[in-house]
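Given next, in structure tokens, is a single chain: the form predicted on its own.
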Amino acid sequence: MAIVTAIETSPGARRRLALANPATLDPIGEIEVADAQDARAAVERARKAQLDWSSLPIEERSRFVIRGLEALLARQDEIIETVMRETGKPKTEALQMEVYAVCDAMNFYAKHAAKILKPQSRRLHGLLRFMKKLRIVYRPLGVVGVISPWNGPFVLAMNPTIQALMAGNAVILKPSEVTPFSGQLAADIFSDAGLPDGLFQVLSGDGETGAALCCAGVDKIAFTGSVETGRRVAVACAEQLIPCTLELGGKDAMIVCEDAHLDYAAAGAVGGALMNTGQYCCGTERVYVVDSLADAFVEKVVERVAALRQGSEGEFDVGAIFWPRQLEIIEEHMADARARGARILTGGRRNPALKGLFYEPTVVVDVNHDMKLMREETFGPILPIMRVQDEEEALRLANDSVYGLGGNVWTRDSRKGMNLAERMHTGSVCINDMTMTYGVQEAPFGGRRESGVGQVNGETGLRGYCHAEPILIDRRGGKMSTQRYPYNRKADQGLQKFMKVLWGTRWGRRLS
């Protein structure tokens, strides 16, 4: 992501931040930092706009989203250029991860939201079904705050925004201070679509702005970012008794079984570890390969990594590290691994041939769980490979982590793959592919343990921006209320006898 420095301003003036391209170190612009007053004013505007928006049929909201999709397609080159300038990622990744994925999400929710959020009639159990009818209505929460990260600056801003809007909410987006222009493009897209004023707003700023948004009176926070910041968001939401979803870090494990297809598994490991320069939450950060396959697997991985192109211009495969602090973490983890006996087969240093924040794509072997590289989130172009005796040892080590976001299993035996996948302590698992669950619109996505709270996407994610309101209708027009109160002993005795018949006999339990 872009490099950020504070700009000196006069006393009482708003804070300003200057940004630079992490690949070229060239300046790319400035932003003004929004404060708590700005956040409260944005929420007030959003509440007014949300009232009319929530009363629109979902099909009408879909029309705005489709117009946004058309605007996005018309401006896709601008989006790609902006993302590349802010992050230093390759054009192909900007196209596939940011533009294509957002187009798919917009079309999916515009098409399916009405069905997912349609009021539902539920059949009641036992004798209640003769007395009551139940209907579930999905009502929007109100104003949703979205705090998005720097590693997927457009897609991770747009995806929760699309879902929250389709559910009938207003949205206030606080993009990362180092990728603010990608976040602003989200507002531009919906402005082109004719979205009502105040319904979707962007607050530019840093951590103080995000904290202010959490406490500005919103009805939910959707946060994507680090574990440390996620904890603070969770505390702020808990103090106000508002819900939040936290999509946090990961340390995804890859299990390579004895019967895995070598070429496919090697390609999956390289793509899973090095895509987006390794800077995405469900990137492959640990590989466990069965010993009998390890030598051949490592050879194929090194061969593939050695052929990768790193740069900032033209066609390249591996981009820059998005910000200076991440580069320091990568170097810290690599130094610790070296000191503990790890061997580096390729890479292992800053790229001396490039100007910006570049770390060479790296393959590391002879690693173990004493190393930070196998325990803490590295978030860089590093592929550590550990030999194991068998799949059971691989599974045990894969589950030996404070994280639990994603994982993948490689085998020609689908039954074995399912067995291992179901025993991995993680949010999602892919068989014979890198972790890509987030890109599947129907699939709920979320982590366990320190990888997050709640799930996003699919039916679960969309309904998470609503309150599921149960409406119970009496089939007899309220007549039962005359018999329920005041109490009498004879009715109590009758109820106790009825309970013995209803739940104390086989035919009674079947009826109930």
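Throughout, we count residues from 1 along the sequence that is shown. Not measured: the values here are computed from a predicted model.
Just so you know, the form predicted together with a small molecule exists too; it's not on screen, but the next bit is about it.
Although the small molecule is omitted here, in the predicted complex none of Thr245, Gly404 and Tyr465 has a heavy atom within 4.5 Å of it. When the small molecule is considered in the predicted complex, only one residue from Gly272, Gly319, Pro384, Pro149 comes within 4.5 Å through any heavy atom, namely Pro149. Site annotation in the predicted complex: the residue of Thr411, Thr224, Thr435, Gln201 reaching within 4.5 Å of the small molecule with a heavy atom is Thr224. Residue contact check for Glu331: none of its heavy atoms lie within 4.5 Å of the small molecule in the predicted complex. Contact annotation: Phe379 falls within 4.5 Å of the small molecule in the predicted complex, judged by heavy atom distances. Proximity of Leu156 to the small molecule in the predicted complex falls within the 4.5 Å heavy atom cutoff. Although the partner is absent here, Lys174 is a contact residue: one of its heavy atoms lies within 4.5 angstroms of the small molecule in the predicted complex. Comparing 286-294, 112-120, 176-184, 262-270 against the small molecule in the predicted complex, the single stretch with non-hydrogen atoms within 4.5 angstroms of it is 176-184.
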